[in-house]
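Below: one protein chain in two forms, given as structure tokens, structure 1 then structure 2.
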Structure 1
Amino acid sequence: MNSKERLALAHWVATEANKNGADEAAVNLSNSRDVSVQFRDRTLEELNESVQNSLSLSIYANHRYSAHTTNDLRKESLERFISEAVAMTKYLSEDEFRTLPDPKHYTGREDIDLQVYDEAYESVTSDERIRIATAIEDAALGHSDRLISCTTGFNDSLYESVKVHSNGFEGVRRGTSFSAGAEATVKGDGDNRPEDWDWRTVRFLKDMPAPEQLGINAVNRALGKLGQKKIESGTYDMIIENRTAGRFIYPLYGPMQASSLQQKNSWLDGKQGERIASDKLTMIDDPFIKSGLGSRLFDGDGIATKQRTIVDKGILKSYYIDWYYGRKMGLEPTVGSSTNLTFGLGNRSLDEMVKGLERGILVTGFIGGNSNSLTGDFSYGIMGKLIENGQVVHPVNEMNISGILVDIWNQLEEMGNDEWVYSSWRRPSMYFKDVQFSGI
């Protein structure tokens, strides 16, 4: 079934839902293909392929709402599926805020090629997938005698979907992604078995780093943990490596979402227009980055996406407001979730920031922990490296940082220039001053 046929079927489903008594209906029809291979210690452990066709139907009837999904796309089956969906919806409680978006929010959609589909996808064979995973493993196994276990893999995905609303929305998406990498475990002193990984995700296969680089990086990162130890508690400057920083950003992002705000579970409630971080923090939601992993022309509500500044030099400018919660709060929708989240960049690389660090800790990973979305209190375990006079002294682990998010984000001293492009959150490394660490 091609996109034209999917659109025709989606419109037919929406029309049938209306005939059966729905006031409004939203239909998503999707096809996806996912293939993955995984090697572990020279053995092909997994080779999986999943192909799915699915249809999801949202019913709005007499101020009641329900959602339904099926994989049976035959019209004779869908007729019963639709009639039962509408009939069941009538048993639900009324919710006056459940409607399709006002069609005015569908307008203004950009007509640009986001370049999220790789024409080379169709030519990727199983032999090529195995060759890449094997090359990663060969590089890892040949890099250190301390390596005791290595898992490598390669995954690729293709998705095609159409979205139709009975009040006039119609949209099509098609994209690809490729992931590859390794996890390595090395022998340390005694029972110590440090492990680490290097995985990357890209839209175009040509943008994937060389397999050998991924294997060697994973081993080097694990070797870099040999001799880990806890150090004395104290105040240290802290640099968070770019690939790790996403974990630290989420407690800032989650409370920006409408569901948290409406449910009074956000430390950012009522803070729009106020300072929530140092002037080094600028966050922009940009749905139009070419080949971006979060690029899209419309959101899950069908609302046309736009580039928006979320935080400007530390000042909170905007929230993530979807249609439903926007109606509950009396606010205009923006977008329900992040697209590509970009950050204002600094002038120095991670290496340059480390070399300029007199005494501090480079955080390369978080271990557990949590944050309170209402109060902003947080506590995370960390692993990383003690830095003195710009040099690595030794790796550290089992340390802990805790505090209040608004305080530590105001301690942000510098953003790196090393944007992590292997995620829709394209964060750089971040330098914080005077962070309290708990250790010995």
Structure 2
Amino acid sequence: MNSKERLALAHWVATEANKNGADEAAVNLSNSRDVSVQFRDRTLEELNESVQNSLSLSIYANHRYSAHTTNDLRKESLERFISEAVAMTKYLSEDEFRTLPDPKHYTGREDIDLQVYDEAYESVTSDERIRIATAIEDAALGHSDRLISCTTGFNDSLYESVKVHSNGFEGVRRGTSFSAGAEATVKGDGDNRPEDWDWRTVRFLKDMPAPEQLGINAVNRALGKLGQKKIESGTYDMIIENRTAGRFIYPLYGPMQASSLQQKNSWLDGKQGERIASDKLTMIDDPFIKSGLGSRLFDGDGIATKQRTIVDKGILKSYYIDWYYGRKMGLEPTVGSSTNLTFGLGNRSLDEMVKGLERGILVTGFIGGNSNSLTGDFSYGIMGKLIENGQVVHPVNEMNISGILVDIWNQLEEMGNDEWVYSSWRRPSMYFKDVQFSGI
């Protein structure tokens, strides 16, 4: 199915829903093609290839709401799917806030090329996928005698979708992405087998780092964990490496969402306009970054996206307000979920920040843990490196960090200048003062 056919089908579904008794309907029709190869021990271990379809239908009938997804797109199946979906909706309670967005929010959509589709996608061959995965493996295998296992891979993906609302919205998306990388396990002391990885995702194949770099980096990172041990519990300065910092941003982001706020489930409830972090934290939601992994012109409600400052020098400026919960709260919608997140950058690289650290822990990975979205209590397992006078003393593991989010974000001392561009959350490395670590 091409975009035109998908649009026609989406309109047909919306019309059928109306005929069956829905006042309004939203239809999303998507298709993705994924191909992946995985190598280990110089052997093509896995070759996966598939195409998948999904149709989702949201029904608004007498202020009653339900949403349904199917991948069975045969017309007779869809007819039944639609009539049953509408029929069951009538059993639900009325909810005056359930409507499609006011069409005025559909207007003002930017007319720009986000550059999220790589023309080179069409010409990626099986041989090319295998060449990249084996180049990563060659580099990794040649890098250390301690290597026990190295799995490398490459995958490419094409995503196409159309979105139609019965009150006038129509939107099309199409994008490519490519991922490549390696996971390496090395022989440690005793039974210990440290592991680490280096995977990257990009929109354009030309932006993928050299395969050799990925292989060597994965092995080096695993080797960097040799001799890891826990140290005494106490308060240490902490630098979180950029690639792993996303895990630490989530407890800040989740409670900014309207569903969390309206359900009294957020430690950021009532904090708009107030300081929630040190002045080093500036967070901008930018849907228009060229080739950004989160770039888009409209959100899940069909509302035209805009660049928004979420946190400005520590002050919470904006929540993520979707249409439904916004109406429940009496607020105008902003955007339902993050697009690309960018951060105010500092001046120093990770290396420079580490060199300047008198005593502290460089966190290179999180393991488990969680945060309480309502109270802001958090506790996460970490691994990393003990730093003294700017030098690595030894790797650490089996330790936790704990505290309260509002405290720790106010202890943010510095942002790095090293934006991690292989995610829609383009975070730099971050330096926090006086963090509670538990170990021995």
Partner chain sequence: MTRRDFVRVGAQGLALAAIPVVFRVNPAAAFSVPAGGDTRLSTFLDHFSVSETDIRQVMGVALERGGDFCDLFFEHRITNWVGLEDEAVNQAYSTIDLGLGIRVLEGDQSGFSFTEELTLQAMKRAARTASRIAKETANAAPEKLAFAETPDYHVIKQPWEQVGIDQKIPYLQKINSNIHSLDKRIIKSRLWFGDQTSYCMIATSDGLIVCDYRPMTQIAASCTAEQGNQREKNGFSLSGRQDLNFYSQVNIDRIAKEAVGRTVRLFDAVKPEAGEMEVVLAAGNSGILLHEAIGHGMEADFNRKGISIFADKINKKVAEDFVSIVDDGTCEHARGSLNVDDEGNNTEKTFLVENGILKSYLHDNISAKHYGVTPTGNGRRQSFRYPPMPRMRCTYMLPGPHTKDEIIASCKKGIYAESFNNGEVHIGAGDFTFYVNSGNLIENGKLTAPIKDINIIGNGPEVLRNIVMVGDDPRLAEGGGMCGKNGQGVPTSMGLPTAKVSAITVGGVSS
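Not measured: the values here are computed from a predicted model. If you superpose the two forms and keep the largest set of C-alpha atoms that fall within 1.5 Å, you have the rigid core. For residue numbers, the reference is structure 1: its sequence is counted from 1.
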Structure number, where the criterion is the form predicted on its own: 1
After fitting the core, residue 75 CA displacement of 2 Å or more between structures 1 and 2: yes
Threshold 2 Å Cα movement between structures 1 and 2 for residue 16, core superposed: yes
Yes/no, residue 55 Cα shift of 2 Å or more between structures 1 and 2 with rigid core fixed: yes
Rigid-core-superposed Cα shift at residue 6 between structures 1 and 2, Å: 2.3
